[in-house]
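Just the one chain here, laid out as C-alpha cells, in the form predicted on its own.
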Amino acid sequence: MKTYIVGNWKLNFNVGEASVYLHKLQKKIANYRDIEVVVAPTALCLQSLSLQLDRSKIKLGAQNAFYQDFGAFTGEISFAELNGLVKYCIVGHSERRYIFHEDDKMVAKKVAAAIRHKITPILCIGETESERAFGETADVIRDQLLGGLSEIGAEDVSKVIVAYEPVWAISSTKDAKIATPDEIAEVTEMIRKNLKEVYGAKTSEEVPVLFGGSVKPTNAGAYLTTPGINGLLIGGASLILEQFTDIIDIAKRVK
C-alpha cells in the first residue's frame, strides 16, 4: 500500500501564492512511486494549479464539495465540477463538522457523491477532548466511520481513505495536545475492527488510514511507524515548504 502525504492548505494562499509554492515544491521533490503526495488548496486555486501540476509528483485534492450535482445551491461547488480536476477530496473535516455543522448524514452523501464522480474521498473522523474525557472515543469513531460510509455499497468502501483526526490534537484548536503513537494505534485498531465487522477482513486491510493532528517533521516519523497508519493529513506544516518537504523525505525513509 502507498504512503499518503496530504497537505490541507485550508483558507491560506491566494492564486499567485499557491502557484509559487507549487512551483517550488515540484522542484524540491522527486517522483516517488510508493508515496502519494497530495495538496488541497482553496477551490479558487484548483483550476490554475491543475495547469502547472506535474502529476507524476503531486496530485490535487479539494478541501470540500457539495453532494448535489447541480441546482439552486448558491456558493457551492459540486463533485461533478471537480471530476477530472482533482483526484481526492477531504470530506467531514472537523472544521466542517464543528464550524459549519455538517452531520454524519451530510458527510455520507458527500462520500457517495465523490465515489460517483470517481474522486477518492478522504473521510475525516475524530473525537473532541470532552468526548475522549468521558470515554466516548469508541462510540464517536464507530458512528462517524460507519455513518460516513452508509450511503455507499460494500464494494466501494475500499475506494475510501479514512483519516483519524482527533479534534483535541489539531494545532488550530485552542489548548491543542499532542497525540501519542499509542493513542493513535488504539484508535486505528478501532477503525480496522469496525471495518472488519461490517465489511470483512479484506476490506479492512485495503482501506488506507491516515493520521492528522499537529503533524510536524519532529513527530512525522513516529506517526508514520505507528501500526496501521498509512500516511498523514497535514495542516499548518504543509504551508511551510521546508517542513512539508522534510515530512515527505521522512516518509520516503520510513517506506
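Residues carry their position along the shown sequence, with the first being 1. These numbers were taken from a predicted model, which means no experiment stands behind them.
Keep in mind that the form predicted together with ligand PGA is missing from the display, and what follows is about it.
Chemist: For the chain shown here without its partner, which stretch in 45-53, 207-215, 26-34, 62-70 has non-hydrogen atoms within 4.5 angstroms of ligand PGA in the model of the complex?
Modeler: Only one stretch qualifies here: 207-215.
Chemist: Is there a heavy atom of K110 no more than 4.5 Å from a heavy atom of ligand PGA in the model of the complex?
Modeler: Although ligand PGA is absent here, K110 would stay clear of it in the model of the complex, with no heavy atoms inside 4.5 Å.
Chemist: With the partner left out here, check for me: in the model of the complex, does some heavy atom of E127 sit within 4.5 Å of ligand PGA?
Modeler: No, no contact at 4.5 Å.
Chemist: Quick one: is A169 in contact with ligand PGA in the model of the complex, heavy atoms, 4.5 Å cut-off?
Modeler: Yes, A169 sits close enough to ligand PGA in the model of the complex that at least one of its heavy atoms falls within 4.5 Å.
Chemist: Do E183 and ligand PGA share at least one heavy atom pair within 4.5 Å in the model of the complex?
Modeler: No - in the model of the complex, heavy atoms of E183 and ligand PGA never come within 4.5 Å of each other.
Chemist: Can you name the residues of 214-246 that have a heavy atom within 4.5 Å of ligand PGA in the model of the complex?
Modeler: Contacts from 214-246: S214, V215, L233, I234, G235, G236.
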